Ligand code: RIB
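In the block that follows, a single chain appears as structure tokens, in the form predicted alone.
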């Protein structure tokens, strides 16, 4: 089996942690590095989380590089209400035995991508600060990336930030604008599809019933998602939690989970009521060529079956 080499830029974060677990559980993926960026929690907490989750999954060989602590212009507003103070909900993991690289995430991204042009898929599931700085510092990476899968944005969905915004883009809309117009071969995975992929109590029960009950992975998923599910219920009246970033990771090896459309997309960076909104030219009125493919439909049931099965297999490994 030919494996996809993947670099993950993320802000762990419950759903980022689940994306890491999915990568580690998937034989189709060779996770060659993880970089962290301030978003769901302080970047120092996220780096610890990334190292601890990789250790949980038996993947301590994967290097982790810490990146930007805040946006290009905006200060960081962590999502403690959504992910908890540490970023992992109610889950508590031992302090990781491994350490992050001394190299900054931006430098690590540039060096890794240029060392293997055309061979690496970049998956970005947090604010795009690291990626934007990498593109600006070394534009050659644009053509070195094989694919770029980004979780972010909201179009026909009401969003999860005011007003019609999506958190990753909202944290650093200026970085998102740079990346969207960079020429990277982007597939954007917005809330339009991720909010149809809800991890529910029944899914957790299936994992607990079919996996090794003593596996720390089962306990981690249960404790992390219990917090996440409670947030979605109280804040958004949703039964279950949207595992946004895991869907983005799944597209590395199962791209037909979603239906995409080539669109011209831009980001509002002003301070008005549409701040950080992602805007798509659905009717081709601007005359501008598409700058990405946007996922607008998803086989949610198939994805959830895949995710649950992979978590069971990882817990039993």
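Note that the structure is predicted; figures quoted are calculated from it, not measured. Residue numbers count along the first chain shown, from 1.
One more form of this protein should be noted, the form predicted in complex with the named molecule, which is absent from this view; the next part is about it.
Participant: Could you tell me which of 106-114, 68-76, 139-147, 159-167 sits within 4.5 Å of the named molecule in the predicted bound form, going by non-hydrogen atoms?
Facilitator: Selected stretch: 159-167.
Participant: Decide whether residue 125 counts as a contact residue for the named molecule in the predicted bound form under a heavy atom distance cut-off of 4.5 Å.
Facilitator: Residue 125: contacts the named molecule in the predicted bound form.
Participant: Wondering, does residue 225 line up within 4.5 Å of the named molecule in the predicted bound form on heavy atoms?
Facilitator: Taking the distances in the predicted bound form, the answer for residue 225 is no, it never comes within 4.5 Å of the named molecule.
Participant: At the 4.5 Å heavy atom threshold, is residue 244 in contact with the named molecule in the predicted bound form?
Facilitator: Judged by the heavy-atom cut-off of 4.5 Å, residue 244 is in contact with the named molecule in the predicted bound form.
Participant: Considering only heavy atoms, tell me if residue 40 and the named molecule come within 4.5 Å of each other in the predicted bound form.
Facilitator: The answer is yes: residue 40 has a heavy atom within 4.5 Å of the named molecule.
Participant: For the stretch 183-205, return the residues whose heavy atoms include at least one within 4.5 Å of the named molecule in the predicted bound form, in the order they occur.
Facilitator: Stretch hits: a single one, 191.
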